[in-house]
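Take a look at the structure tokens below, where one protein chain is shown in two forms, each on its own, as structure 1 and structure 2.
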Structure 1
Amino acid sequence: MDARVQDTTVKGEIDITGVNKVFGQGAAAFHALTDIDLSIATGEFFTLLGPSGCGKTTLLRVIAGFEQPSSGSLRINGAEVAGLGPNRRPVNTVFQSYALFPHMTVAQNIGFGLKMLGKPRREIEATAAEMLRLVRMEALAERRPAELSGGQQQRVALARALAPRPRVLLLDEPLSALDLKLRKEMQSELKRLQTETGITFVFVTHDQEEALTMSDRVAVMSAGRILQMGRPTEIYNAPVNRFVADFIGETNFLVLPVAQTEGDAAHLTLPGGKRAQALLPDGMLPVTGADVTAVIRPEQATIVEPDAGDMTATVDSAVFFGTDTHLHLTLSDGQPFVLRRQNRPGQQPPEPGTALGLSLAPGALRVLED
């Protein structure tokens, strides 16, 4: 369960052990990365997720070779690369700004890496053509980047980074400059490219939805540390602490007293006096009667008749979201609670002031570490 415990015997595509990155010196020193341990398997779509300034881009730049780690080891395909420049690593980057060379055509951009590797011209041209086909840009080979739309530039950036057939492709928030519709399109496009090429993708984003929908595994970062690593469902359903719970999706935080503990679960006293079972994090043994923070997702409670459910609440407001409606409620002890209800035809949102009963899905309630 604890994300920080890693099996170091597994040799992955990328193995990072004990990597630290400190900018500046002395009192002005800034710890951008602290004790990063990470192993990414070959062919995996791995995502670094976190708010801006959490260190995810720095970690990507360390893997790419733009920054050198202050300490620790970084192996790509088993070979130590710490200290090597970016031009000596079998990884390529798709930059957030795309960084397409404005004075070169699309084809020249795509062929640049192979040219620098000293490949013969025929091979460069063949690969460039193949890459253009792969990203469906055959018709625009002779255009300049300035003549392309944002989405087209994005595809060229991808093709350029894929052309030298790197072992690992690094993507630094590549979709953040696109509008919503194009972003959705590119998400599936990226997924398709990854499956077709079989290259390991390391993807950096601050968009939790993007991370959950595309990734095989996600590492949630904050303040230079990895807080939790796992499959998207694990991260969503079993956040290890308040930060992860809050950052991924929407969550209700309830402060509740412990009624009784048994094994890895505890019984908490809900507002109104009823009890509910909640999962405990590894190794946590709360004292009976002490307050703990428990989380529950807004869609994991359902509306029932008053007094029929686990808790009662009154409606403060209802916000219509199209597919669902968010009900802002106040529990009987005054704590706020947000409930998400799927909309059905003809269903009217309850009036403010209405009293409701809430029924919690089994296993939905989890106690947090802090």
Structure 2
Amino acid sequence: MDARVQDTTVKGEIDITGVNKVFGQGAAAFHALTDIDLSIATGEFFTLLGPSGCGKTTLLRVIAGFEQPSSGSLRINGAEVAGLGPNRRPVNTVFQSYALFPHMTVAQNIGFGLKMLGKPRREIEATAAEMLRLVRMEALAERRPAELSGGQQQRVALARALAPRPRVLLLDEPLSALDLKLRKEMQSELKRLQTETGITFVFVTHDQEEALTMSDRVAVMSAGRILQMGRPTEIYNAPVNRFVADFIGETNFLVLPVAQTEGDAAHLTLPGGKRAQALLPDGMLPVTGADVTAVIRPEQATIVEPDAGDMTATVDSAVFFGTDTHLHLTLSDGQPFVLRRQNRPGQQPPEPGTALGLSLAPGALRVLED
């Protein structure tokens, strides 16, 4: 597959065409972004997802105006903004560090941007009160940042960014400093705020759970390129290549021979000799007898009697996660396999060395391009 992903979404709030960003010159040049084509609809919660150094924050900074593209077009609400500074774009940014003014109250922090814009005092006070209601912090208006928890400071930073009513809100890993429970609470809060305000959110994260739970669409990035874009269910259930499949949640990679092909599917020979149908990527036609890499998620297999499944396996270990248990298995041909099983009262995991059968969900097996 061509690493340059074309986005066919109807043009909307943000339209990026052929954007490249290069730092340095000559042999020392570093290509942070390569051929980025992207359209984000008005009112969409869009997430840029990828590991550190993949270019997601650079792309966010290009949208914000903190960095200028080396080439390409960037339009917000139909107007070309490449070359314009942050103060000339209808966007606001929330960073990892909340950067609240310690000597100001919560209400004053929220109203600071409006004050810099020269808004009248009554409008500033009314907007600050509205934002406090939106983030559910009316009772804390007179407190200072040092008197707030991390989650409360995050809400103030969000309220301050929303107060000028930008067309686009950019969020650069804003939840990374919070503990797990607060992070999950703020995921729900962010989605609620985005829905209530109708503002376009562009969210940057390396956390696939954040991306899957909050986003309308996700763009998975690697080495300055967008590898795949789509709804969270599409990204999770139909990854286009090994990188996306491996980065989005846990998965099993199986090297299996092709028994035959049929349309957009292939029949693969599983460990033990049985066959299973696997979906093929568009345009792929593997040769019968050739080995391909197939992917299946840990929750898409169930335990059955050893002689009743699609494959047989031996238990190596079990890892308890509270809501579920991950069973680490070895298939009959020696390939590793992880199975995720939901926990139930009184249920115990099988002991190491136990033989069991695995039944694969229909349509769960997919062949990858690479």
Partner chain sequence: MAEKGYSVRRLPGFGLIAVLTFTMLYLPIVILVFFSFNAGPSQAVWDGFSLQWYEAAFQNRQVREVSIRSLWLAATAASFATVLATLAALGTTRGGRFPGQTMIYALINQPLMVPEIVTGIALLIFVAAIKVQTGYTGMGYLVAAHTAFCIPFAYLPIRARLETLDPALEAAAADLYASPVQAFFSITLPLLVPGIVAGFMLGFVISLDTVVITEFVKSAGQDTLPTYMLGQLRRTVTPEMNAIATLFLALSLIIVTAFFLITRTRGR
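What we label the rigid core is the largest C-alpha set whose atoms superpose within 1.5 Å from one form to the other. Quick caveat: nothing in here was measured; it's all calculated off a predicted structure. The first residue in the sequence of structure 1 is number 1, and each one after it adds one.
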property: Number of the structure representing the form predicted alone; result: 2
property: Core fit, then Val255 C-alpha moves 2 Å or more between structures 1 and 2; result: no
property: Core superposition between structures 1 and 2, C-alpha change of Ser149 at least 2 Å; result: yes
property: Val168 C-alpha shift between structures 1 and 2 of 2 Å or more, rigid core reference; result: no
property: Cα displacement of Met104 between structures 1 and 2, core-superposed (Å); result: 4.7
property: Core-aligned Cα shift of Arg136 between structures 1 and 2, given in Å; result: 2.8
